[in-house]
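Take a look at this one chain, the form predicted on its own, written out in C-alpha cells.
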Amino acid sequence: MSRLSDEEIEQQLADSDWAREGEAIVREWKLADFAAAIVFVNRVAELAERANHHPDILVHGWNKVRLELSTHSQGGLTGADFALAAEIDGLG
C-alpha cells in the first residue's frame, strides 16, 4: 500500500476523532476503569491481528488508552492506517 499525500490524509481526518502527529494518526480514549481499558486494548489487538497491522498502544493513568497508527514500512500513513482506525472506531 502506498503512502498517502498530505491532502489525502487531511481528507481522511475530516470529521474524525483521530489527529495527525507527524507521520502517524493518534487518538485517546478514557474508559471507566483500568479493567475496561485492558478489555478495550484486547479488542483492538484482535482487530490488529486480523488486519496484520499493529498500532502502538499506551495504557496510562488508570483508565486511558492512546493509540498511534502508522505504516512503518512505508515511512508514513497509508490507507491501512485509516482502515484500521475506522474498525477501531466501530468498537464503540
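Note that residue numbering follows the sequence shown and begins at 1. On a predicted model such as this, the values are computed, not experimentally measured, just so you know.
A second form of this protein, the form predicted in complex with a further copy of the same chain, is not displayed here; the remarks below concern that form.
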Touches a further copy of the same chain in the predicted complex: A32 (any heavy atom, 4.5 Å): no
Do R27 and a further copy of the same chain come within 4.5 Å of each other in the predicted complex, heavy atoms counted? no
Using the partner position in the predicted complex, report whether A48 sits within 4.5 Å of a further copy of the same chain, counting heavy atoms only. yes
If we check a further copy of the same chain in the predicted complex, which of the residues in 51 to 76 reach within 4.5 angstroms of it by a non-hydrogen atom? H54, P55, D56, I57, L58, V59, H60, G61, W62
